[in-house]
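One chain follows as structure tokens, the form predicted alone.
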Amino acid sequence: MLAAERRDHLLALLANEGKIVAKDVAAGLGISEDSVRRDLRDLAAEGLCQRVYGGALPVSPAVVDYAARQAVTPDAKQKVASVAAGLVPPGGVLILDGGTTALAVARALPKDLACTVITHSPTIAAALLDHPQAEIFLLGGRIFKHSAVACGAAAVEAAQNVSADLCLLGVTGVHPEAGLTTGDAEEAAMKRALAARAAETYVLASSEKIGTASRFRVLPWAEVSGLITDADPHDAVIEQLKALGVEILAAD
């Protein structure tokens, strides 16, 4: 099989099965695993897959920069945000992650809701300035411009000194095996620090992130309370997550 034919075969596997297992592909095509790994390296370099141990997964479309992400499925993000905002009780303390879906959550919070919002996102803090009953606590640190959030040691240390009832966490990849992932190591560490300070953590994920993966793991499924998504409840990945015991809050 020519290299171009192998490439098409691998992309078809990703599209149809949601993953590539290198040893299975090698056995099926009668080639070495090294050849498959080289092909996967080439696809990953083009941004067409995310390499993982033993093979590859679909790459998340949500790893583009903050400005570009605002144009990605805005209606889906609004649906997710509406459900997420409903989880915040009057008088509650919320840790709200950065990102475009979290920004939609901030805007979806009732203007008269008395609550405390802890965030490391200047854009989230600014969006809440017209919520007169919301107390805003902004965690500082080095700004990671790609996501418009504070990251690094100072931000993680600040996060370790707060506590909340609920954390609403954004990720770029949601996969039954790879878990919850994002594209930057320091941002992943910050997300872990935030989630660790809340009694409950729900993940915000519009449907384009379901079944995809990014480079850095944020959390395993055992460490979150549930997933809020507009994905089809009968989607194969959603069914797998349900089988793992993950609570799915449908945003439809």
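So that the term is clear: the rigid core is the largest set of C-alpha atoms that superpose within 1.5 Å between two forms. Quick caveat, the model's predicted, so the values are computed rather than measured. In case it trips you up, residue 1 is the first one in the sequence shown, and so on.
Another form, the form predicted together with the DNA, is not on view; read the next lines as being about it.
Asker: In the predicted complex, which of 201 to 209, 215 to 223, 31 to 39, 188 to 196 comes within 4.5 Å of the DNA (heavy atoms)?
Answerer: Of the options given, it is 31 to 39.
Asker: Might P58 be said to contact the DNA in the predicted complex, defining contact as any heavy atom within 4.5 Å?
Answerer: So P58 does not count as contacting the DNA.
Asker: Taking 4.5 angstroms as the cut-off for heavy atoms, does K23 touch the DNA in the predicted complex?
Answerer: Looking in the predicted complex, residue contacts with the DNA include K23, since a heavy atom lies within 4.5 Å.
Asker: In the predicted complex, is there a heavy atom of the DNA that lies within 4.5 Å of any heavy atom of A44, even though the partner is absent here?
Answerer: Outside the cut-off, so no.
Asker: Against the DNA in the predicted complex, would R6 count as a contact residue? Criterion: heavy atoms within 4.5 Å.
Answerer: Yes - in the predicted complex, heavy atoms of R6 and the DNA come within 4.5 Å of each other.
Asker: Does A185 shift between this form and the one not shown by 2 angstroms or more at the C-alpha, the core having been superposed?
Answerer: No, its C-alpha moves less than 2 Å.
Asker: Establish whether a shift of 2 Å or more occurs at the C-alpha of R37 between this form and the one not shown, with the two forms superposed on the rigid core.
Answerer: Yes, because once the rigid core is superposed, the C-alpha of R37 moves 2 Å or more between this form and the one not shown.
Asker: Comparing between this form and the one not shown on the rigid core, is the C-alpha shift at E239 2 Å or larger?
Answerer: Shift at E239: below 2 Å after core fit.
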